[in-house]
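Given as structure tokens, the chain that follows is alone and in the form predicted alone.
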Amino acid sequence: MSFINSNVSVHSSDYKSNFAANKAVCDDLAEKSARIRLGGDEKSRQRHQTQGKLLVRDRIALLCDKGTPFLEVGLFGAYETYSDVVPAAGTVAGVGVVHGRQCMIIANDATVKGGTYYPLTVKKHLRAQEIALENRLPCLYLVDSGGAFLPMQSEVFPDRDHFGRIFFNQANLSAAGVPQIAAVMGACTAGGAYVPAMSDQSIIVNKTGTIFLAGPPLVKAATGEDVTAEELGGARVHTELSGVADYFAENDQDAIRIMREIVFHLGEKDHARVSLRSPEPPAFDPEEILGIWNPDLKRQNNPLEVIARIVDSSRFFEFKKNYGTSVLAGFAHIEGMPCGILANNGVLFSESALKATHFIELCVTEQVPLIFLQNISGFMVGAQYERGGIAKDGAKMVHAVSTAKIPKITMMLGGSFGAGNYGMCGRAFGPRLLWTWPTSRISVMGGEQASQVLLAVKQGQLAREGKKLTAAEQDAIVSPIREKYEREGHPYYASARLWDDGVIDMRHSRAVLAASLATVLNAPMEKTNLGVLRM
């Protein structure tokens, strides 16, 4: 395979300027991430621990094999979204390795509003289940939740993708042969009681774990019965009398030991069949990504320089190198796992759309996972290109992305605008995992373009009345639009709403893509059936 020759000078002023700017945004990301990972406030964490319970991330660390990565999803969920502070949307989710097997772990953080479910908590839980289903990952639920957040019940309870969908998914995951295993380590109330009840196997912790459809106050109000939480739904009740739980645990550590034992005894499943190679590090330091990437969206970046710092041995077998050069396509390995890579190198023309379509078809035929590296303003516009069939050729690319049943992974490096987001496998096109850099931006178009479009509309309206806008009036229209697009296109804003699976440090791209590839290879690849491609 062809070795990438890097043309980067680490001593240039551009490199140093880029490095400083990108390090600053990555440092900011690290600081915010660390704060989110603390969970609830100090008082809530202390109260949690005085009950003899482990903090949620300590539970996960104990559950996973030592020294293995935890691929967290939705860390920024609900970030600065509600009037309340809800770190990580009150739940931790991600892919962890248990007895050598990748599992989806979904763990309530009881230090955040008692682990209750806000609307975005539900969305995050459902997203984690979706990842588990697509990649055939056993689901391990560490339950410690008061159920739905009652003040927002209208946004949590009644709709199709609200709280009830969690249990619907559990049933269908189990029916699809995806194991469902729950450990009740705290409260498990009302609808939440169905998490262990709907699981294939369940564990409950003595004294701290409880399962009931209605707690003691509601039982008293409804029936007049006086009963303690332990008498109503404690560990002995559910392992000796009701049979709701299968395993009795003395404490959190014992529950995690039992859960690991359950995973150890799970049967083998079919998985994707690919030819693996011995992993090799890139020939260039991934740290250099900070210096080679210009965060100014108006500047073009060479994606080949990024690829050189991600793939094994910096080897990339480029497809149609001299055709449709505004998109790069080629084959590589990451940590020994094969992949196809599509990366933007400018606006998409008809030629680049056709090239991308051809390459996607090759990856489908050869059953190779496909990685999209986005930095795209969109498809080329103008009379010449419309007459040349850009809409038709762009549709071919979108069609291929939509129907390809191979695993797709997307990483947004820079801009992700308009139909370019679609052609490069944005969220709506079902990538198995989608990650963003802190330098990325996403919206229907750039803020400058949007402001000029809306300004032109207003000027057209006034022109019909024989009026004109002054410079100050124009600025009063344009400035708020630019600000709105910048705010709503920012990766923290997007990740808070779970439009992606996480914002990552640019230097960690190889590690994140490797963990993502390992995840998607758990499921056998489906056969792709193409529809009609307009010729």
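Heads up: residue numbers just count along the shown sequence, starting at 1. The structure displayed is predicted, hence computed values, not measured ones.
FYI, the form predicted together with coenzyme A isn't displayed, but the following is about it.
The pocket of the unliganded chain is judged open, since coenzyme A, transferred from its pose in the predicted bound form by superposition of the C-alphas around the site, places no atom within 2.4 angstroms of any backbone or C-beta atom. The candidate spot formed by 271, 369 and 427 lies out of contact with coenzyme A in the predicted bound form, as no residue has a heavy atom within 4.5 Å of it. Using a 4.5 angstroms limit between non-hydrogen atoms, residue 47 touches coenzyme A in the predicted bound form.
Remark: residue 328 does not count among the residues lining coenzyme A in the predicted bound form, judged by a heavy atom distance of 4.5 Å or less. In the predicted bound form, residue 276 stays away from coenzyme A, with no heavy atom inside 4.5 Å. Proximity of residue 259 to coenzyme A in the predicted bound form: non-hydrogen atoms within 4.5 Å are absent; the residue sits far from the partner. Stretch 184 to 192 is the contacting one of 459 to 467, 411 to 419, 184 to 192, 220 to 228, since its residues have non-hydrogen atoms within 4.5 Å of coenzyme A in the predicted bound form. Distance criterion of 4.5 Å from any heavy atom to coenzyme A in the predicted bound form singles out 114 from the list 282, 234, 114, 447. When coenzyme A is considered in the predicted bound form, only one residue from 398, 131, 148, 166 comes within 4.5 Å through any heavy atom, namely 148.
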